[in-house]
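One chain is shown next in structure tokens, namely the form predicted on its own.
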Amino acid sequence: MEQIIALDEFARDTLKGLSSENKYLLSKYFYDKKGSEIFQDIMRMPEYYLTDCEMEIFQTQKEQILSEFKNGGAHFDILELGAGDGLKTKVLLSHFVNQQIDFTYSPIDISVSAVTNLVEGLRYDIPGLQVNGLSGDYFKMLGSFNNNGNPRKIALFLGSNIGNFNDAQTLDFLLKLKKSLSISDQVFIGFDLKKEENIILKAYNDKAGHTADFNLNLLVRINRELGADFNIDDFYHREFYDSSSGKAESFLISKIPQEVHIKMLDKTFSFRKDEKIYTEMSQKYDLQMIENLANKTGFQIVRNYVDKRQYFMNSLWKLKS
């Protein structure tokens, strides 16, 4: 039943996106099994600086991060929203366990299997780690920790996940996050910083073609799961970056005039030559933008951590008192 509901949602979202005047597909559907494998390739490629930058921050500034997280030494809970494979977070978790810090780590994800696999791996990789996986809505899971007597919470939202929201979605996410927290809690958020256009474009349009494959795999998934007849060779991936706004946007573009039929929707969609399908936005930030976000949503910045190239920032926030 769960699989059928998910498939129906995929169909509805695809219908809505391809029926719009400016066609789009939702980036949350990138991550089927094949898409997740391609994304692992993207994270390993030299052009994709984000993983290396955040890893560097954790490796070189873990003592300072731990000092802020401890905030006096009492037990605290780390709750990570969308933990993925936990690759970078393990650097901090291992250090905290080695320092005999009293804390519990709770990865939160909508996928039960993703949480189960991560928890099993962590128990093997970091003996002694107190870990408690949670599956469900981020904010419901965070809110469940607000009962009297629970320790202080630190919510992690790492990588550049915040950058995948548009402006309205970002404000909505942070306001909901604030409502899920208590006055003593903190938030640790990853922000990809504005930088030279060629650096951005290389990361999202690499020579090996991993990012192109990642985007085009969305059409492959629609073919497989919704019975579409997209000819993948008739589309190509293109990235655009606006240095003033900091928006990097991904598109699939039709090479020719064509029609695509989706059996599950019983509908045919027409594409003009050079017509774009919007697939993803990745917002890049400067310090002023980050400060404005915190102020607008009821937070204040405790401390910022930046890599040596100043490509990426992890920002620790607390609620305004």
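Residues carry their position along the shown sequence, with the first being 1. As the structure is a prediction and not an experimental result, all values here were calculated from the model. In this text, the rigid core denotes the largest set of C-alpha atoms whose superposition between the two forms falls within 1.5 Å.
This next part talks about the form predicted in complex with a small molecule, which is not shown.
> Pick the stretch from 290-298, 250-258, 37-45, 263-271 whose residues have a heavy atom within 4.5 Å of the small molecule in the predicted complex.
In short, 37-45.
> Given that the small molecule is left out here, which of Tyr138, Tyr241, Phe188, Phe76 has a heavy atom within 4.5 Å of it in the predicted complex?
Result of the distance check: Tyr138.
> Consider the chain as shown here, without its partner, and state which of Gly246, Gly159, Gly163, Gly133 has a heavy atom within 4.5 Å of the small molecule in the predicted complex.
Looking at the other structure, the residue within range turns out to be Gly159.
> Report whether the minimum heavy atom distance between Pro151 and the small molecule in the predicted complex is within 4.5 Å.
Result no; Pro151 lies far from the small molecule in the predicted complex.
> With the cut-off set at 4.5 Å between non-hydrogen atoms, does Ser144 touch the small molecule in the predicted complex?
Close contact is absent here: in the predicted complex, Ser144 is far from the small molecule, nothing within 4.5 Å, heavy atoms only.
> Gly209: heavy atom within 4.5 Å of the small molecule in the predicted complex?
Contact with the small molecule, no.
> With the partner left out of view, is Tyr31 within 4.5 angstroms of the small molecule in the predicted complex by any non-hydrogen atom?
So Tyr31 counts as contacting the small molecule.
> My question is whether Ile199 is one of the residues whose C-alpha shifts by 2 Å or more between this form and the one not shown, given a fit on the rigid core.
The answer is no; the displacement is under 2 Å.
> Could you check, with the core superposed, whether the Cα atom of Val187 shifts 2 Å or more between this form and the one not shown?
For Val187, whose C-alpha is compared between this form and the one not shown after core superposition, the shift is less than 2 Å.
> Taking the rigid core as reference, does the Cα of Asp109 move 2 Å or more between this form and the one not shown?
After core superposition, the C-alpha of Asp109 moves 2 Å or more between this form and the one not shown.
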